[in-house]
Structures are given as C-alpha cells and as structure tokens.
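What follows is one chain in structure tokens, specifically the form predicted on its own.
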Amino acid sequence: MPDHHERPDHHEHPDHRELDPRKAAILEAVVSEYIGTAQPVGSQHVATSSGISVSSATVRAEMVALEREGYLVQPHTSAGRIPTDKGYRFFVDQLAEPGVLGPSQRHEVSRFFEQVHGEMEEMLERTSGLLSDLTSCASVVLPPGHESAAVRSVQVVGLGPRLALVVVVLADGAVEKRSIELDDDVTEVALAAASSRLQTAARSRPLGAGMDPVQSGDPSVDRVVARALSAMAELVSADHDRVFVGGSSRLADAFEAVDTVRSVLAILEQQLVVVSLLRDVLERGLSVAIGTEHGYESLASCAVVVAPVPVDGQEVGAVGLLGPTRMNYPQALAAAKVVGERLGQRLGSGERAGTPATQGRSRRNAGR
C-alpha cells in the first residue's frame, strides 16, 4: 500500500485547556458560522452572536490570538477567519452530545426502517442513501460479517453438467450463493448426496468454523463436497472488504477543488481502504477524524464521522460519513448515531426471526 495510505498508530488531541471561556465561545461562533456559510467570518459578525457579550474590537483581538495559537487562519488579507483542523477538533471535543435530528428527519428514519424490505444488500445500499440524504455527505455502510453466523442449511444445485450453485442459508437470515466448477459431469443423485453430507457437517455450526465431512466412498460426491466447502470459505473471506457507498455524487458540491473531488472518489472506489479507514477510526476510540488525523494524505481536506452498528451489545458493523472539514458535525454525529442504532435493531430482529428483509444477499458490492 502506498505511503500516503499509512495510518498513525495513535492520535493525540490538542491540549485545549489553555482556552478561556471567552476564546472558546468566540471560536465556537466562528466554526458554527463557517459551517453554515463557507465564508470567512469577521469579528463584527461574531460580536453579534449569541453568548458573545464583548465589543467587535475585543472579538478581533481574541481572534488574532486564536490565529496565533493555531485555531483559526486568515485566508486573505483583510478577510475574516476560518477554522483550522485544530479549531474543528476543539469544536467537536466540546460537544457534550451529538446534535439532534429534526422531527421530519426522525420521521424519515423511522419510516425508512419500517418500510424497507427485500434482500439484505438492497437494504444496506438504501441505508447508505438515507444517511447521505440526511447529511448531504457521502456515506458508507460496513455490513456485519457472517463468520459467526450459524448455518441453517446447505444445498448444491446443478446448473449444468460441470457447473453447480452452492446455496447457504444462515441463522441471521441471509442467503449466500456461490457457483462452483466441477472437473467431471455430475449427476443429480451425486449432487443430492453431496448436499446431504454438507448439511450434516455444517448445520448449526458457524460459517467460519472448519468442517471435515466423513468421506462418502464415492469420489465424485467427495469432490463436490470439497469444492462446496472451498466456496463457503470464500464467502467468509469476502466479508472483510465489503462496503456500500451512497451519495458520492454530492462530493462535487462539497469541495471547490476538482482535484480534491477526484482524490476522494478514488478512495471511495478502493473498498478495502474505506473499510480500513472506518475501522481504524473506531478502534482508536474516535467518532470523528478531522483532516490529517485519519492519516490519509489524499483525504487531508476531509472529515470522517463514524458510528458503530450494535446488535445485542456487540458492534457488528459501522456507518460513516465523509465530507469537507467544515461539515455540520452535530448533525452528522446525530444522523450516524441514529441510523447506526436503527440498522442494528433491524439486523438484530432479522437474526432472531430470519425475516425476509435480511435474506438473499448477492455478492454485488456496488456504490451509489
């Protein structure tokens, strides 16, 4: 992997203890205004903000001090100031709680999860679209793996003289399929015998567990069983780099520089990199990574917001948002948290009940 994809082993937040309440309030006002307008913020505007009770001259002096300390920067002479990554980090760290979705957005989320049906893959793709619609950012959904899901049934179905389809039904409600090529013509009787042996060996065992069926004495049956087991192992390994991307078309509006849009789109096309990015942020105990904090040089002008997908107290997947560093952090954190929790509830109910909503996932991993 190229050097610009290497990630730091740890992240240290800047020390914000030096900021007194007045500087903190002014910095928060600048960040909030810049997030909303994308225009440099002047001292006169900040002086009229809620919670600021000093003159514009005092605000201007404090903004100069904040610039000297690395929280703000002045892009042009005589222009207002904009936050740096350090300024955004302070703003995020001072949020006691994520923002709250508005009533219409909460209704949209509830209605979505009440009405979404179909294959699991379709649900996950539509979830990524929902998250993007709520935030106007590109969104990512990392689905749960099936390594620990118990096998309910296995069947080998003939598609041709030397081609068959392995169909695996899992306890979490998913139906996985993988085609296998055979060396010789195989009869329906042999396929049925192979299915029976696979069912006996795999039923109620985790998909990721090793399986060693007893030899049948019929070489053609045993070869089918061996190929089917290899296909089932491939299903497990394929779980680790699946990702569903929504709203990537919004990136053109989010970034002014065309080169930045191209770089971000290139990253989103590398599914393994996206999976690693989101998992690394979560593993480091963060919900937000800003600018260079995530360690990807080509995403230095981006921020990443991540929330886990919990099922029965276990984090089985994640949802994430990718946008400019001036993204609306309170809204993004709220949306990721709510969608992650509701998705976890939906997946959990599907695992317990084996509902059709979590069945029939194919292997397409397309982004939107």
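Position 1 is the first residue in the sequence shown; the rest follow in order. On a predicted model such as this, the values are computed, not experimentally measured, just so you know.
From this point on, the text means the form predicted together with the DNA, which you will not see here.
- Contact here is defined as any heavy atom lying within 4.5 Å of the DNA in the predicted bound form, and by that definition each of 42, 57 and 64 is a contact residue.
- Residue contact check for residue 77: one or more of its heavy atoms lie within 4.5 Å of the DNA in the predicted bound form.
- In the predicted bound form, residue 53 approaches the DNA with a heavy atom inside 4.5 Å.
- Proximity of residue 81 to the DNA in the predicted bound form: non-hydrogen atoms within 4.5 Å are present.
- Between 197 to 205, 130 to 138, 248 to 256, 69 to 77, the stretch whose residues reach within 4.5 angstroms of the DNA in the predicted bound form through a non-hydrogen atom is 69 to 77.
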